[in-house]
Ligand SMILES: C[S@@+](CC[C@H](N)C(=O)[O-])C[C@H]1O[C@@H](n2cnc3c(N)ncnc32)[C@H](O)[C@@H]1O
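Shown below, as structure tokens, is a lone chain in the form predicted on its own; questions about how it binds or moves come after it.
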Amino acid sequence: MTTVHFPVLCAEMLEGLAIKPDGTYIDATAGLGGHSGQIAKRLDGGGRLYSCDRDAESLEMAKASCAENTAESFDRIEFVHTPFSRLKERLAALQAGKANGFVADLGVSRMQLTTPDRGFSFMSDGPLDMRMDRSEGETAADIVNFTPEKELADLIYKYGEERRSRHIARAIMRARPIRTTKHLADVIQSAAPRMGKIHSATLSFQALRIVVNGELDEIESLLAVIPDLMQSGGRVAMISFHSLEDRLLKKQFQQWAREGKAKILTKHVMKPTAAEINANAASRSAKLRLVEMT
């Protein structure tokens, strides 16, 4: 399957990292290999990139993409299957050493969104899965069908910031069992009709995805170890796609600055240009923050 891939805010990320050809770099979210490929192209024989992802299927696609598009740099990349919470130990086992640059794109990959049987999107019907690592953990179907109504409403409100969460949870209870993305989207649509530009199910699907993958806990685990992974003067570039992620990044970056661990390089978040949004509508909510470790 050929997938058109647009690495988000790539030019801004590359400029912010100020890549040293002989440096060591970590891409914590390989996705389909867009950012990794561009970083690897800028390394020489002494440089090294650790391209990591918790989704084994994405990692294989990133490997194939980099082999095809950055063949001359491919031997500078080590591909690592790991969630954020095990990244430090996996890199230590590989004797990666301290990094000159670190990048994480916290968005869902285009492959995940456009592959129906992954269950991330209601745009095509598929099983309610949503796991980034399909080898472990509960699926979205497990949560939708077995979580008590009040707890389900609270999850949708907390992680989707969906004000109509109680109406939605009640409708889900009545419609159980729900096994597919389209069925769930139709149930949500009936309980909370579309009011603006985004589909009624968007926020609820976001909430379920975050819960299934423990995304915010994983981000917090990642932020806790970044100072240990970086050299003094190393640059950290992180891209978020919704307010829950961005708040975590902003708070942690500010804390590092107060503690003298880092210097904030982006006084205001960087956002995609109109041209990038026109080419890739999925980039419209992306925000890039940069720090330099001290």
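As the structure is a computational prediction, the values presented were derived from the model and not from experiment. Don't overthink the numbering: it's just position in the shown sequence, from 1.
Just so it is clear, the following notes concern the form predicted together with the named molecule, a form of the same protein that is not shown.
Heavy atom within 4.5 Å of the named molecule in the predicted complex - the one residue of Ala99, Leu91, Met132, Leu128 that qualifies: Contact check passes for Met132.
Of Thr181, Ser165, Ser200, Gln112, the one that lies within 4.5 Å of the named molecule in the predicted complex (heavy atoms): Residue within 4.5 Å of the partner: Gln112.
Contact flag, Gly31 vs the named molecule in the predicted complex, heavy atom cut 4.5 Å: Output for Gly31 is yes: heavy atoms within 4.5 Å of the named molecule.
Contact test in the predicted complex: Arg54 vs the named molecule, heavy atoms, 4.5 Å: Yes, contact at 4.5 Å.
Contact test in the predicted complex: Glu218 vs the named molecule, heavy atoms, 4.5 Å: Taking the distances in the predicted complex, the answer for Glu218 is yes, it comes within 4.5 Å of the named molecule.
Exercise: Ser240 in contact with the named molecule in the predicted complex, heavy atom 4.5 Å: Result no; Ser240 lies far from the named molecule in the predicted complex.
The named molecule in the predicted complex reached by all of His35, Thr82 and Leu106, non-hydrogen atom within 4.5 Å: Looking in the predicted complex, the three residues His35, Thr82 and Leu106 all sit within 4.5 Å of the named molecule (heavy atoms).
Stretch from 166-174, 82-90, 140-148, 190-198 whose residues place a heavy atom within 4.5 Å of the named molecule in the predicted complex: Among the listed stretches, the partner-contacting one is 82-90.
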